[in-house]
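First comes one chain, alone, set out as structure tokens in the form predicted on its own.
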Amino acid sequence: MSVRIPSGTRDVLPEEMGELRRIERALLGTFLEAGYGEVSTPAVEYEETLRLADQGLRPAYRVVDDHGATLALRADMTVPIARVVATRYATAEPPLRFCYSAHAYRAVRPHRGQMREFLQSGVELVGAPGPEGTAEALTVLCRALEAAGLREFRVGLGDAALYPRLLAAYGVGEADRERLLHELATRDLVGLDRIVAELGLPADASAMLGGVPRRRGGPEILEGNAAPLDAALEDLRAVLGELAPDIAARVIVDLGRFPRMGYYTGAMFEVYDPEVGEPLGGGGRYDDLLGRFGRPLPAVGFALGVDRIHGALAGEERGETRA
């Protein structure tokens, strides 16, 4: 008799579950020590609430409740916490600090082996503007991964506003901007080059729009740049200036980063480990999202995949054994 489970889900047995719980405790312990309060929200939200966020994600599962309203399983915890801030903390003095460990659900392409259900731990820092808030989030992220036992991870840091600022500076029209940003979000740099060539811009503008997404490295790539790029990099320079040296040493500046999630507005980051082929997690600034729920406040946060951290830890341990 074959009894299946839904695609993109899995059973977790006791030994692995114990290891995942240890990682969760290490992450949450760091968040709590940094002053973040743990919250829990419903796994389902009204679909109209999720639409307010313009996430750019398709729901993994939809259901209709007994009143005929359409509900969807959350794709992340950022949107539910934005709703909580607007409704339960409508007059609370910012900054507000929240943390969580919860399952999220996303639609995936079939036959790719991707998970629809996954466990995330993370934080949301609401009401802390600019580089200082971003630096706090990056610091908590790194300290949490260190507490979980990771040693080789790095953080790719970019800015969701960088390329749109360049496009505006060069007078690129709205329709072409959307095409270019789509190619950037999907990391199709060949497609981006093709569109840039079609625009017929001056040679220096074409070189800038084609070259910037390929620039990755240390903080030195933020210095000595021509206008309009130099002005667009000011926020990233300010974030790096707020970081402690050991945190800054983990950062890889990536000027080609652009979000698939629709609500990011500024600095954004992903976590990499050489033992895992996918990011362990990521986050960034979403300064416009809270306003859609009725309480305009700047915000920044991140989510870490507990399963992927587990895989990275196992890979690092295997590497030590081989050495």
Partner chain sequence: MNRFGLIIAVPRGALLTPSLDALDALGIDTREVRENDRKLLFEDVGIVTMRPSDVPTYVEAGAADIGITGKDVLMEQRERQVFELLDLGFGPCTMVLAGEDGPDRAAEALRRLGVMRVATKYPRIAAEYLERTGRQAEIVEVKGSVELAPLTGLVEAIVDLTATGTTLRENGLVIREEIAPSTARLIANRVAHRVKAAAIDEVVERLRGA
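Model, not experiment: these values are computed from the prediction. Positions refer to the first chain, counted from 1.
The same protein has a further form, the form predicted together with the partner chain, not shown here; the description that follows concerns it.
Item to check | Heavy atom distance at most 4.5 Å to the partner chain in the model of the complex, all of A161, P219 and E242 | outcome: Looking in the model of the complex, the three residues A161, P219 and E242 all stay beyond 4.5 Å of the partner chain (heavy atoms).
Checklist entry - Though only this chain appears here, would R154 touch the partner chain in the model of the complex if you measure heavy atom gaps against 4.5 Å? => result Output for R154 is yes: heavy atoms within 4.5 Å of the partner chain.
Checklist entry - Does the 4.5 Å heavy atom contact test between Y272 and the partner chain in the model of the complex come out positive? => result Heavy-atom contact with the partner chain at 4.5 Å: present for Y272.
Checklist entry - Quick one: is D65 in contact with the partner chain in the model of the complex, heavy atoms, 4.5 Å cut-off? => result Judged by the heavy-atom cut-off of 4.5 Å, D65 is well away from the partner chain in the model of the complex.
Checklist entry - Is there a non-hydrogen atom of D176 within 4.5 angstroms of a non-hydrogen atom of the partner chain in the model of the complex? => result Looking in the model of the complex, residue contacts with the partner chain do not include D176, since no heavy atom lies within 4.5 Å.
Item to check | Segment that reaches the partner chain in the model of the complex - one of 45 to 53, 24 to 32, 294 to 302, 276 to 284, heavy atoms within 4.5 Å | outcome: It is 276 to 284 that comes within 4.5 Å of the partner.
Checklist entry - Pick from A107, L189, A231, A92: which residue has any heavy atom within 4.5 angstroms of the partner chain in the model of the complex? => result Flagged contact: L189.
Checklist entry - Out of R165, R237, H103, R214, which one falls within 4.5 Å of the partner chain in the model of the complex, going by heavy atoms? => result By the 4.5 Å criterion, the partner-contacting residue is R214.
Next on the checklist: Going through 6 to 41, which residues have a heavy atom within 4.5 Å of the partner chain in the model of the complex? Please give them in sequence order.
Outcome noted: None of them.
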